[in-house]
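Next comes just one chain, in structure tokens: the form predicted on its own.
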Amino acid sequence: MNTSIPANPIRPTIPLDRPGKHHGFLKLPYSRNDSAWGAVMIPLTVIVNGTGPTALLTGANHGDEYEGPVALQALAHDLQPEDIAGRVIIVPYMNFPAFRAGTRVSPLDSVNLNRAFPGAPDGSVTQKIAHYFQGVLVPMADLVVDFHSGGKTLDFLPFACAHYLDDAGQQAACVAAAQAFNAPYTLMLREIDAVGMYDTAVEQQGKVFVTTELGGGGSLTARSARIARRGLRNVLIHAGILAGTVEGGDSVMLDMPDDDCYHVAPAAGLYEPMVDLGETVAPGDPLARIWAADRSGAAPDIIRAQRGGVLAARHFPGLIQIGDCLAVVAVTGG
């Protein structure tokens, strides 16, 4: 019986190591009702010049988050080989099916790409994408930047983020890169749901990794787009791939050390925030009210801060479900 693992079917339509600037796709065969021999075509730009580090830059890991795609499309258009020393691999729409649908997860298989790693070469579309990044693109990289924002269901203070890691040297390198991004805030984060994440897959390979949360609400602003574009160039300068000087003001350090930072809705209903992003709270301060959505005259549920700090994230739509993330409180000076 043949038990060998099949090869990943994704193939780049352009070289990944040839000097110059090349635009193409990651081509994933996908047979479906409306295209028997069709393919998922994930846009890709590769720029190579001389010797130096490799940066792997991704956006739309979740399809309803837009700051990263805008910054990466601009970089893919503007950046020229003579501008860099090394290699830049740009994937502006990592989860292309979700991006086209404007959804967090892929409409093709209902899988969250950021919980699908290490993926599978013979799995669903999303699992194949995860497996290709895990086995082909991430091993090529020295630096990985993955852009996120809150999508349709969260809104964030604009921050670049590094994670607490077991390897102190790797953690220090990730923190330095996140600080170089120079977003208005820089966050140290301990993930509460790290299994299957792209972040985890990259960090387990020993890479320098920076991620972001730059807004939310299923759209973007002129300010959040500027932060993404400037931060991307800053990190490439920090890595020695681009020449220049890191731009921006002094980033405020935040820390999310434990589960008490996360506040979950205990009931469904009409969400009324009582604190705005960036405002400070003390333990026990009210963060939000949840009003009944199916009757009038009932007292609201009041959700109070489990710890003191700065409101770093909040639920976005006006209606909330039980179990939704309602608010995140971060600690200053992390």
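Quick note: we count residues from 1 along the sequence shown, nothing fancier. These numbers were taken from a predicted model, which means no experiment stands behind them.
One more form of this protein exists, namely the form predicted in complex with a further copy of the same chain; it is left out here, but the text below deals with it.
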Original post:
So, in the predicted bound form, is residue 221 in contact with a further copy of the same chain at a 4.5 angstroms heavy atom limit?
Top reply: yes
Original post:
If you check in the predicted bound form, is residue 231 within 4.5 Å of a further copy of the same chain, heavy atoms only?
Top reply: no
Original post:
Is residue 99 close enough to touch a further copy of the same chain in the predicted bound form, meaning at least one heavy atom pair within 4.5 Å?
Top reply: yes
Original post:
Does a further copy of the same chain come within 4.5 Å of any heavy atom of residue 104 in the predicted bound form?
Top reply: yes
Original post:
in the predicted bound form, which of the listed residues (205, 170, 124, 73) lies with a heavy atom within 4.5 Å of a further copy of the same chain?
Top reply: 73
Subject >> Heavy atom within 4.5 Å of a further copy of the same chain in the predicted bound form - residue from 278, 38, 308, 53 >> reply: 38
Original post:
Thinking of a further copy of the same chain in the predicted bound form, which stretch from 136-144, 234-242, 257-265, 162-170 has heavy atoms inside 4.5 Å of it?
Top reply: 257-265
**OP:** Using the arrangement in the predicted bound form, list in sequence order the residues of 318-333 with any heavy atom within 4.5 angstroms of a further copy of the same chain.
**Re:** 318, 319, 321, 322, 323, 324, 325, 328
